[in-house]
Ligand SMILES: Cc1ncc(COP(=O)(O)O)c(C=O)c1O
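Have a look below at one chain only, the form predicted on its own, in structure tokens format.
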């Protein structure tokens, strides 16, 4: 198996990045010694000419592969009409209709540009509707880069529930007072916390499928029941899972309908687009004509629902909607990859867990079961870092913590990946 090379051009670019960009990166901590030039289908190439099977997929949005011809064609056509107008455009309206027909909770939507914005606005909408300040999130849950979201995302020393731990410098201490932290997949503790704080809670936000950890049977339904009991808005963060676990997202896949959800990644087809979607009762806080006691909740964005991103999103969703068996075939490849990885690890007698869904999963080097964030802390992270580096050398490009499987991955890609994994584990 060929080892990757680094050209003079790539080294010069990396030197410029180190000079002009903090830490030599754009903030996304993935293979910072590689400069990617292009992608096609399930493969990407760096500026040195090395080719990789891509399981990062741009951190998830390229679910139907890079440079899909349908998306490219429609975006190119749309580009001739200008990029943005700060006004309503036809593709934004059409995409809104498609999202609302697909997502069980979606009766209205409001666009933004990134996942961090969408989850921030979803939390704000819940607080505006409920007239309460506190938000409950789950330890280890990722909801973007807002001050609220960066509470107990990845604490090395977790606090007692429900106390939050800030994950970043620069967050005001006052934010801690507005966030409550609960353990994912622990319905008993979560219910007790909601019972205790229900009169202060503006909303509860959760990744129905948290990072790569599946919900235990009954957890999401129990969460829906207790929030409904107290009239607390329930938010599903579907930035990752929307249109990935099923066309109707995690809420359709698990059969539990939230009041609000955040969407991103796939819905923008690789362009900057996100959205808050939800039942009209909760979404009316966005209406500038809202005359309720709290008044309207302004949400202005220069690129909200811009025509390029919404055309790319519409085209992407059309491929997913109209291609027979696309989800089943993609999930089958993901299952084969997971099973092959398990067999390699078992043969090498390396204690590890391969956890997640057929569409996204990862390897944790621990012999213990993982069902929440604290379970992931038992894993040997140094082995994960080394494995990712060894895989890169063998032509596999993946994120720090996930294998994303696309509709474009082929059986040959899976075979190549398993050969690379077997070789990497041998060295590991």
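Residue numbers count along the first chain shown, from 1. Note that the structure is predicted; figures quoted are calculated from it, not measured.
FYI, the form predicted together with the named molecule isn't displayed, but the following is about it.
Using a 4.5 angstroms threshold between heavy atoms, residue 330 stays clear of the named molecule in the model of the complex. Residue contact check for residue 357: none of its heavy atoms lie within 4.5 Å of the named molecule in the model of the complex.
For the chain shown alone, residue 286 is not a contact residue for the named molecule in the model of the complex, no non-hydrogen atom being within 4.5 angstroms. Although the partner is absent here, residue 74 sits far enough away that none of its heavy atoms falls within 4.5 Å of the named molecule in the model of the complex. Not one of 54, 396 and 399 places a heavy atom within 4.5 Å of the named molecule in the model of the complex.
Heavy atoms within 4.5 Å of the named molecule in the model of the complex belong, among the stretches 154-162, 137-145, 96-104, 311-319, to residues of 137-145. With the partner removed from view, the residue among 114, 307, 248, 183 that has a non-hydrogen atom within 4.5 Å of the named molecule in the model of the complex turns out to be 114. When you look in the model of the complex, the only residue of 223, 239, 277, 204 with a non-hydrogen atom within 4.5 Å of the named molecule is 239.
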